[in-house]
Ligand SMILES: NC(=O)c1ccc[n+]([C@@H]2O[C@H](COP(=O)([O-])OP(=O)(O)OC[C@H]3O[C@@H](n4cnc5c(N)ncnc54)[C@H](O)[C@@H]3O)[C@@H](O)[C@H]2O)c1
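Presented below, as structure tokens, is a lone chain in the form predicted alone.
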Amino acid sequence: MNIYQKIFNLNNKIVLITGSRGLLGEKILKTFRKLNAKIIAVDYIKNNKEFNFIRKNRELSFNADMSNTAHVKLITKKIQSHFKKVDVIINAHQIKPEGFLSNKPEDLNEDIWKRIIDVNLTGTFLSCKYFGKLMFKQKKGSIINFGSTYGVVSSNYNLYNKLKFGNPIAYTASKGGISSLTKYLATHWAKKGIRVNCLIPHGVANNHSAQFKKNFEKMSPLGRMMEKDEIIGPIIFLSSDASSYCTGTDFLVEGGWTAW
């Protein structure tokens, strides 16, 4: 094994992925399986609110609500009994409840605000708090939180021109909080050997309308939306020893969206 193969090697690494059934989460999950990692997959099935898990030789999968402290604690116990530790935590979960696409802050239902903040921001904090502690003993680990360009800059109303939806203020607030949480943990846990970074994708193609794609292409420096495969290089980099001197960063994978 040469130096390049060694620093990117994820063989037998224990990787926890929240939001593992999502557009990017599922792609990441399948990739890490191919890289021979041991997987802990977490997601929430709306019509199945009961906490449960399935155990296979190299994989644990959970139905759990990341905003529920009891659920996160139960997952932590299962990890301790099965794998003993975790090497990489990828927090890719988020929620888009009914009414999510209301883009006027003066009209946004407060229950929707609370649910988005609870899952996106509080859920990421709980993951870092409880799963992150599993990294303390080995004094090494990588935590990758998923942010958004809308945690770096405001959502641009022009993107939603001629459309009946937009991006709600709660999503922006939650993702901005995740970026700040990442920086805080990165500085406080650096001496524990734990790196914490925020991966920021943007505009992932997912059967969007022709009008939305037209708006996006006009506003993006690269002139197109992101393909889900384009998350793989950055996620491998941040998960592996190739990024051993990276912590506290907003790692932008957004086609230059915030560079205008």
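Residue numbers here begin at 1 and follow the sequence given. What you see is a predicted model, and the numbers here were worked out from it, not measured in a lab.
Form predicted together with this ligand: not shown, discussed below.
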{"property": "Contact residue in the predicted complex, from 186, 159, 119, 173 (heavy atom within 4.5 Å of this ligand)", "result": "119"}
{"property": "Residue among 198, 41, 194, 64 with a heavy atom within 4.5 Å of this ligand in the predicted complex", "result": "64"}
{"property": "Heavy atom contact within 4.5 Å of this ligand in the predicted complex, the stretch among 125 to 133, 105 to 113, 139 to 147, 77 to 85", "result": "139 to 147"}
{"property": "4.5 Å heavy atom contact, residue 95 to this ligand in the predicted complex", "result": "yes"}
{"property": "Residue 23: touches this ligand in the predicted complex, heavy atom cutoff 4.5 angstroms", "result": "yes"}
{"property": "This ligand contact at residue 234 in the predicted complex, heavy atom, 4.5 Å", "result": "no"}
{"property": "Any non-hydrogen atom of residue 37 within 4.5 angstroms of this ligand in the predicted complex", "result": "no"}
{"property": "Partner contacts for 173 to 205, taking this ligand in the predicted complex and a 4.5 Å heavy atom cut-off", "result": "175, 201, 202, 203, 204"}
